[in-house]
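Heads up, the chain shows up twice below as structure tokens, two forms, tagged structure 1 and structure 2.
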Structure 1
């Protein structure tokens, strides 16, 4: 074969990858149906996939993302948003169908916040009259909105927001201002160049008194020529590590007057004379953020499942060195060290999948009550979504980077798809609440619930274990075989969480008793409080995964594989955090030795089904956007083909040669003479 033919991609699947599929112990389609939520959901996704990818624009977006400039990518992202809006309207997609489509074409698109936050905020925070005015035209795309909360100087500390909305009873208007440089809105997606409206979160001031954060509908740009309105300065915040499809923006407000009715008044009202009335706690305004944290957990699943699909498929076709001197070079997936890099991410993907399915169900049930005015479930929901967001994104980002490294030098190429996935995953640990802050909010809830349990209250929900009788505790691992028992593994995680929480509670209480102010006692123990929150979150994810596997209505082959994967997820977590488990006397040194042995044994058990487990995610090649992870496994041919799309290769001699290099070489040659 001549070098000119190297770029031709074979029509057949790489034999090494096909060999992996042939040895799977279960039917991939059955597991795909479980992941999607049933065969009907899989068929729905396939129909939507076919519709979307029949459009050449959607087929070319991945290339623009990989090889285009920031401006080109943003332009394509705007086009993608518009096409999605048009298709949603044309086909009358439900929210579920729209979510499926967005996951197919990458969650990042220029006007994504319109459906992700602007419309949900109107649905949750507006009165019926306001919905009739704003929600209708928003759903008809007559206005395009975003959600402006974060400021240059304040993010997760909402009480510190400096943007003000001062009521003027003489004109029955609110006057909005960002009075300092740190008060300007900074980071909201779709704000810089795309949106013409925003729901602005500002501190309400009426009759000289502050009433906390409230939402206001503010027009930013002209509906005629898209120019910013008088008194408004808005723009893009600049280059970022990733998420180039979104125009994260800044917003400066200078005496912007809006009608009284532009304050979303479902939970609080300001009358024409300026009287403030709260019909629900101010925390009710956080409902939109709670929803977004559920979605961020889902994004974490998407990113880790894509990354591990690429990593495992590539490892099945990449051969390097010899295990047996008499045989050909081995697939790198055969090496135990490679499995140890990849399989934690594989197990994490399934753990997040099942945990977020349960979380989304809880959210829907709670939201039904919240919309009726019953906020009883909101504190628990806030704890669970904050913890899930922090845990899922933290662990996802770690594993995605490990998977990128597992692909060697090729993983650094944009065409691999993983490098860009790493940079697009990074913001998730800070967006909508930096993870340390999220863990501390979980910790505050744990302290309160622990106190309730100690006073005799029967605790329910995700913290129900705090009211259980944990003494005397006996490690359930009496032999190495016991370490495989999912119930026993859950018990170990439960007890670890209980001990870590109880110890930090006693420490904080002792510090307060010794004379430290409560805020100082809390600050003195922040590291331990985060540790307690992490232990709680890890327990709940392990429990969710284990319970989901136990309740599966599936073939014995799939149940067997998922039990092994769940067991590996739990065992790997104990080994990685062994100091915590030993310190809390949840396990002993002998049990840790058993668990380490089991961990490596499980690598070998998972190995034959590794490719089938990622195939079950069923990502279309266009969705995956990876030369290394394509379904056919022809990684080298696709890498070489990708070079043809790079603008650097559009001409044999780059212009810099004539401008700089040629004169330099000529000068050097003259110098020799």
Structure 2
């Protein structure tokens, strides 16, 4: 037997995985079409996959990420950007197609902000004249831009930003400055090394008066040789836990003079003599922030669905220990504890999928209204997207980490792909509105709506339940069987949210009545306010999931399995947060017992379809980049094969032996013990 020949990848699907696929109760392709949004969308995605992955550079990219230096990876990422730009132009991709491609190639690339932020910001914030000037050359890639807002000292709290743009009527220029160390721009993607232009957000000062934050187009680097221009200090902010494909940068501006026309003036203007006028509230800009949060909820879906694909497939091929002492070792997927680690993530993936689909629809409707100048729906949309962003990323990150742990030691290897998922998921809880701040914004909105409801107003939208008459509430679960009713589960979540919100409202009011200033009363109740916002968000996601499943136009088998999954999602949430449900007396101890039993039964019900449910996400092996989660299930062979790529293995004897180890051993051998 040739022992040293291990590692050839078998051509067959691992029989342990095939067996799982054979026992699925539903048709996987049908579900894939539902996930993608129709058979044509699936075909489109597959066409794009084929196009991208026929290029060896795209195939190689994950290896550079795993084994290269930071600088090499950035270099590869620039190449990736350029290839994407060329393909985009060549095939004239729509935004939708472009989004699909980005989701295939891991979202990030060095010049990602050019299309994701720079161009959209020009479109939104520039006058037609300005557009004609900059948008054209941006689309021709003559200039490469980014959007620089966050500073070292301030992120989510925009009023705290310190960069200044002072108007000089003498020369009709703005002078941009970074007045303190904490004022330097810090974090913008594509800023450190890639971009030669940036839209810099700065406080406008004209005639000695401050007029809030406005966008200014600033050239950073020479278009000839890419050297930073005088007065500009720009660089990389250093290594991060993940997302190394982009050069998040810092930027220091020292008396940089730009033309008056470089202020983007669609919504506010400075005239040559320095007069400031604002023609429109800056709400359009706001809409972009809202869109980014919707995107992040979508990323949350991508990450959790990838992670659970890896976790479940691996659990179907890893055999460990014995359940029945007479049998062979069991697939780890058979263990109840393993199911309890994986299936919440599986259910969460579908919950986020349906919930964000709905959110995106609402966003599109609101966007149409906003374009027509109707800003009425903005506060509601703001609340929904902030809450969704915080809820989805928080839960996703938690479940991804649990799934990583469920893969045991091998989950810690880069080749497993799942550690990478944790690291790239980690920033989602802090970017584009830190989660706690987002929850608190939701809470403030809830409080406002709650008092509107109290004063008799009829509330609509996601908070409409605040005006409902709840007395007398009766727990809808009168038997274990009742707990499977999705409407009842929704009712339970709704009532819990209502009680949690009304309690914190009462506490805040009491504190204010007792003479606390409003801000103290708030700070004293921040923890409870966050809890209230979470309860509200949980209700919304459960409701979205339940409604989507109910409305689904699909085969009975698909509906059955999705109803089980939805039910599991809701039941699991109650069990995990049982303290809150018991405390609000939404359920009693008896109901909790039923729910726990039901939860256990549902684990077993989901079990036979687990692999099919992740197969339906239909990730290409290269997109997944996981030795543990590949479609063929040959996890061990792929793990072993992955070691060949590590530069540590390029020589049998590592160079450090000659440099350090050998001299050390020799020295130790000479000396006496």
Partner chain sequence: MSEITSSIPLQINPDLQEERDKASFNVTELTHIIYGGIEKTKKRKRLEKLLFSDPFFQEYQNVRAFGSRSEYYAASVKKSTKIFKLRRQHKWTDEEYETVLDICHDDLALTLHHTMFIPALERLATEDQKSKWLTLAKQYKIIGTYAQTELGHGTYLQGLETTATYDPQTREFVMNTPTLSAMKWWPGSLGKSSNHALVLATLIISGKKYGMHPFLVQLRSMDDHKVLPGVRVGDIGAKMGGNSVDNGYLILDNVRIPRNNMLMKNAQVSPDGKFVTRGPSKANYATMMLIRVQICTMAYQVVSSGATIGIRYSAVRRQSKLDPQDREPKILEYQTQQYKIFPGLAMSYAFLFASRSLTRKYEEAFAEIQRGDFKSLPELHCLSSGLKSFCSEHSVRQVEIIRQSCGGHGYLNAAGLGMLVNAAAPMITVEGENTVMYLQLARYILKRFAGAMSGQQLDGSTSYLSMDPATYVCPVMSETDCRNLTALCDIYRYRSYMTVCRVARQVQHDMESDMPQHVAINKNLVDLVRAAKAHSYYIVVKDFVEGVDALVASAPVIKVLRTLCCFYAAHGIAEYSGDFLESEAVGLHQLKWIKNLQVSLLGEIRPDAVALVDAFDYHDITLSSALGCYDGNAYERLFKSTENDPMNKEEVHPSYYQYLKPFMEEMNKSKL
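C-alpha atoms forming the largest set that superposes within 1.5 Å between two forms make up the rigid core. This one's a predicted model, so the numbers in the text were calculated from it and none came from an experiment. Residue numbers count along the first chain shown, from 1.
S.K.: Of structures 1 and 2, which one represents the form predicted together with its partner chain?
M.R.: Of the two, structure 2 is the form predicted together with its partner chain.
S.K.: Note yes or no: does the Cα of residue 127 move by 2 Å or more between structures 1 and 2 after the core is superposed?
M.R.: Yes: residue 127 shifts by at least 2 Å between structures 1 and 2.
S.K.: Answer yes if the CA of residue 137 moves 2 Å or more between structures 1 and 2 after aligning the rigid core, and no otherwise.
M.R.: Residue 137: C-alpha displaced by 2 Å or more between structures 1 and 2.
S.K.: Core aligned, does the CA of residue 576 move at least 2 Å between structures 1 and 2?
M.R.: No, the C-alpha moves less than 2 Å.
S.K.: Rigid core superposed, I'd like the Cα shift of residue 170 between structures 1 and 2 in Å.
M.R.: Here residue 170 registers a C-alpha shift of 3.1 Å.
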